[in-house]
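What follows is a single chain, given as structure tokens, in the form predicted on its own.
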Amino acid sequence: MTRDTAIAASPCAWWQRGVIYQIYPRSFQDSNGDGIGDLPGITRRLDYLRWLGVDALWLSPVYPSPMADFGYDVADYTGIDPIFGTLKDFDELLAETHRRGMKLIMDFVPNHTSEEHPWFRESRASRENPRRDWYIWRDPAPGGGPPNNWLSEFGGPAWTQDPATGQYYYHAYLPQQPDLNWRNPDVHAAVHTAMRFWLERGVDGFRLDTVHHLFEDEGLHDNPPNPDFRDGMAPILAYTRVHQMDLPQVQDVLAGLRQLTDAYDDRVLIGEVYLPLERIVTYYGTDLQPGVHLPFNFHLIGAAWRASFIADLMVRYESLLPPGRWPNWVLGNHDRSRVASRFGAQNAALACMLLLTLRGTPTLYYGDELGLTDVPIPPAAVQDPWELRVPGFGYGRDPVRTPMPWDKTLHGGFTDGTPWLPLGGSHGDVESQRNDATSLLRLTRDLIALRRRNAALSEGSYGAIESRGDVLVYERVAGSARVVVLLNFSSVTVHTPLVQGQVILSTAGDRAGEHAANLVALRPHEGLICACT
């Protein structure tokens, strides 16, 4: 199987011109009837992903884990949890992914381990243990209690006291996820060894979890009160966490991980960074000290669904990018509400066209190509520890992690057993949408194919970016190739100026080849891509 020859000859790296597809392994495809997705299940569905046209698969964690946070509490960085299969299954998945011309990116969690990891078991054994300093231990405050006022992302104090030694250990997330001490060079060496294990197996890169949390203030200063905090807001917002994350020392760690990754040909390093744009772009590093190739830009996820807001976001992001660095966009993931629920089902196609025509690398979350919506989870079925620890604030992530519906059979073809989370929604399954030329799935495939064969969309720069009332208009240009994207964010038909051109693709799938000149009519929530002369 080969890729488009024009793109194959491009000077851009695969992770610049390609589309990344995130898989939540528990929910993609079950192969053994236990109701939980696994690696053989993903292998079984690779032909679908090849048909869709994505370039790389990103797997959420599949390492051995007690599953306190569904794999983001890692007990062994160099193994596979039996729930998902074996190392042999992983090797087969990797080989079959490569055979189809796609790449495989692993999730890696450098900030913390599971409390069940052998490193932490040794660390908590005694204050004199050689691995004590691999984690962050502190004595109680002078009057007793936690060392300071830091709070956990998942609710409650970020410190848990260990009865055996009397000291507290720090955890930015769950108590079952103690933070590694990145001021210890032995931690650097151990994590590098673990990453090298997978690089030697042939993985094509890593998505690094929560890298902005790698360092905390060594002096343990209290975080200042948040002046904007009000009753009814989530408890963690009571303080401004200036001493708890995004410290300068993070850049040194990322530089080391980048150097390790760059020792292998054609690999990519992606960082999860939930910060303002001004801070996100610092995670690219500098020419002398490169950071990650792509610090994830999540700002579309929380964007106001207005043409003017998106246009301003595009312009501001471009203005902040360091010279020579490559942009990226994320519209959905395993932690945030589904696109179709966030912006409305009527905007799902428009959002898809936006994501796949912006400059930079797009990441597509599994199921968003079908327009999946958040699935209501009955209280008794809730599994997400965030929702269980901080109920009532909408933090539950179960609704966006439900199984992929493949067909109309029982449990959507996902499993022969009882699915770990319920399926839901009236969006349609892969089989039915694949056979419907007007479906969101077919539009997604058409957009990915258009990106691949059109250099202006895959690699080009921006021309004009503007909002005309409720219509967002931007140009993509590469050499003589020029396309204009027009997105109508309103619920009424809008006529907007356009220089002479031809419609390449419409979100409705019915206007290709139509001549466009002077004024073009955009139907409610419609997007058009036009080749202009």
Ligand code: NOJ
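Numbering starts at 1 and runs along the sequence shown. These numbers were taken from a predicted model, which means no experiment stands behind them.
If you look for the form predicted together with this ligand, you will not find it shown, but the lines that follow are about it.
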Interface check vs this ligand in the predicted complex: of 401, 243, 451, 299, the one with a heavy atom inside 4.5 Å is 401
Heavy atom within 4.5 Å of this ligand in the predicted complex: which of 135, 72, 198, 77? 72
Of these, 324-332, 261-269, 114-122, 201-209, which stretch puts a heavy atom within 4.5 angstroms of this ligand in the predicted complex? 201-209
4.5 Å heavy atom contact, residue 154 to this ligand in the predicted complex: yes
Whether residue 159 contacts this ligand in the predicted complex should be assessed with a 4.5 Å heavy atom distance threshold; does it? no
When the contact criterion is heavy atoms within 4.5 Å, does residue 177 count as touching this ligand in the predicted complex? yes
Does the 4.5 Å heavy atom contact test between residue 414 and this ligand in the predicted complex come out positive? no
